[in-house]
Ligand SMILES: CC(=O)CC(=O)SCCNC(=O)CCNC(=O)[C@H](O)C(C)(C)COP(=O)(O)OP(=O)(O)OC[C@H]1O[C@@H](n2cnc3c(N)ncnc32)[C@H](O)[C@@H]1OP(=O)(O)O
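The chain below stands alone and is given in structure tokens; this is the form predicted alone.
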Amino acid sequence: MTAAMVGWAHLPFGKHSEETVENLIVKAASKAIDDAGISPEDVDEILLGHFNAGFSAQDFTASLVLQADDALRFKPATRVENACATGSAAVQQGVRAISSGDAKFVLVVGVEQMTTTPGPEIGKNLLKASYLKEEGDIPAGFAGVFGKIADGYFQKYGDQSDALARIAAKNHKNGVANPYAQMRKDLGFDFCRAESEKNPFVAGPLKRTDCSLVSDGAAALVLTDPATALGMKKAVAFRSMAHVQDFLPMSKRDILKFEGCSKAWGAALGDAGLALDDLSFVETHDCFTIAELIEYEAMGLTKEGEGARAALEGWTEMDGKLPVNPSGGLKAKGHPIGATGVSMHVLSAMQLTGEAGDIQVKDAELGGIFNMGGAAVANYVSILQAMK
């Protein structure tokens, strides 16, 4: 155990046109510091996860965290970016600062404001997380990238529309009870399965209910060393954390395998001395339902090509053998790019300290997180356990 979370904050995700990136950062940072029970003066380092890619005109944002309190002035602050895994990349840098002994308290903030950007520009910005040289002309933007993946998976393993609809319905059902979720509506399997005016096809076999939401939001957490954490009011330790980066071009790899995801899970579980069966729940990166399906296979929940079993047989439901995305995932919670990885860590910490309210997984002791940048390019896995 190299570091622990001792305080956190999560703002509601959704459309917040009245807010700015700066306001979102300040609110989340202030709440996390207060929740940890420390003073701003105690913070030794600041890390901000912010993808941007054109969503915000203000591109130099690391020092905006200092707006939360004048006492943060002159603290080292760095913006971290790794596509949709930006939040976890910032968390990992914070863990490294703690484990190296360079800092006693680290403040990590994740933020994105996407909804104030015109629709066509949103798609253009998101596509920057692909290999533009080969994938920049794919219709429907990043949804088109995963539509292509879904097409390939269907061709190899058969039509998986029922399984994708089950994943979407599960995550929307879970999101109803999450007060931070952007969409708190149980859409049901039938709605998610059928093409309709309200649920049209977007790319390949993917319908609107297969795609995560465009969102604004922020989350933040405070890290410290395990010894210090034992004296705090609450503490959730990192049993392990792994980062695996794969080739950016999909043409250089078997895109149906998510090999970087598999290797990250193997490394994190190995370092923690655990098996997947030991985990109480998993928060995984369901940017599209086909991603969650393939991630079941990559994490070792099923064999290759059999991910549908986990969805159709209820393995990943709240009362299943491994609840996946009890928060509602990106599908219901929303996906403000830079905030997503931090959000996953905050909500998992809440699960492990019994603070998750109506989305609480019973007797949660160990949590796993998978946050992905691009199409399985940046792969981060964290294994968490409450210390007290």
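What you see is a predicted model; the values in this text were computed from it and never measured. Note that residue numbering begins at 1 and tracks the sequence as displayed.
What follows is about the form predicted together with the named molecule, which we do not show.
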Here the chain is shown alone; which of A97, A89, M183, A242 has a heavy atom within 4.5 Å of the named molecule in the model of the complex? M183
With the named molecule left out of view, which of F258, F288, F238, Y296 would have a heavy atom within 4.5 Å of it in the model of the complex? F288
Given that the named molecule is not shown alongside this chain, does L24 nevertheless sit within 4.5 Å of it in the model of the complex, heavy atom to heavy atom? no
My question is simply whether S212 lines the interface with the named molecule in the model of the complex - judged by any non-hydrogen atom within 4.5 Å. yes
I'd like to know if F142 sits close to the named molecule in the model of the complex, meaning any non-hydrogen atom pair within 4.5 angstroms. yes
Even though the partner isn't displayed, in the model of the complex is R208 close enough to the named molecule, meaning a heavy atom within 4.5 Å? yes
If we take heavy atoms and a 4.5 Å cut-off, which stretch out of 216-224, 68-76, 303-311, 200-208 is in contact with the named molecule in the model of the complex? 200-208
Mind checking whether each of K15, A83 and H335 has a heavy atom within 4.5 Å of the named molecule in the model of the complex? yes
Would you mind checking 122-138 for residues with a heavy atom within 4.5 Å of the named molecule in the model of the complex? L126, A129
